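Taking the form predicted on its own, here's one chain by itself in structure tokens.
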């Protein structure tokens, strides 16, 4: 069962940087970054998040969504609601460390539930 990752940040550079780091470590994993506004400013964009989520869910059977700050969470929640999938989990774990741990575990074919358990063990309840 493949698990993908979506990174939602107020900064396009942060989201892309975390994505690059993960790709350097685990290689080809379904991962997308949705950072910044549509104009390239700091902030979040529902449309960017929704598009990135669709790309991940096309490649992965389930998806873990990491975010950095409040409105990123709000827009991610709305995008998840639109998909009506129970295989997309929004977590409040650190975007860098959490996504890194999830990616390593996904790369060795751990299930969504196993990865969520590892994240909770490492960072506490989400």
Partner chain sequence: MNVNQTAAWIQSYNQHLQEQKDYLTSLDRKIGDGDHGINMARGFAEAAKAVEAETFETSADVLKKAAMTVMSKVGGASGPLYGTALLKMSMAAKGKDVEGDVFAEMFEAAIDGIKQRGKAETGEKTMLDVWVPVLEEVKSSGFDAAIVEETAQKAMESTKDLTATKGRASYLKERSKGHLDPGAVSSYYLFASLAEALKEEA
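Computed from a predicted model, the values in this text were never measured in an experiment. Positions refer to the first chain, counted from 1.
Keep in mind the form predicted together with its partner chain is missing from the figure; the text below concerns it.
> If you check 58, 86, 28, 81 against its partner chain in the predicted bound form, which one has a heavy atom within 4.5 Å?
The option sitting close enough to the partner is 81.
> Would residue 54 show up as a contact with its partner chain in the predicted bound form if we use heavy atoms at 4.5 Å?
Output for residue 54 is no: heavy atoms all beyond 4.5 Å of its partner chain.
> Even though the partner isn't displayed, in the predicted bound form is residue 44 close enough to its partner chain, meaning a heavy atom within 4.5 Å?
Although its partner chain is absent here, residue 44 would touch it in the predicted bound form, with heavy atoms inside 4.5 Å.
> Applying a 4.5 Å heavy atom distance criterion, does residue 75 contact its partner chain in the predicted bound form?
Residue 75: yes, in contact with its partner chain in the predicted bound form.
> Is there any non-hydrogen atom of residue 33 lying within 4.5 Å of its partner chain in the predicted bound form?
Result no; residue 33 lies far from its partner chain in the predicted bound form.
> Listed by sequence position, which residues of 2 to 24 have a non-hydrogen atom within 4.5 angstroms of its partner chain in the predicted bound form?
Contacting residues: 10, 24.
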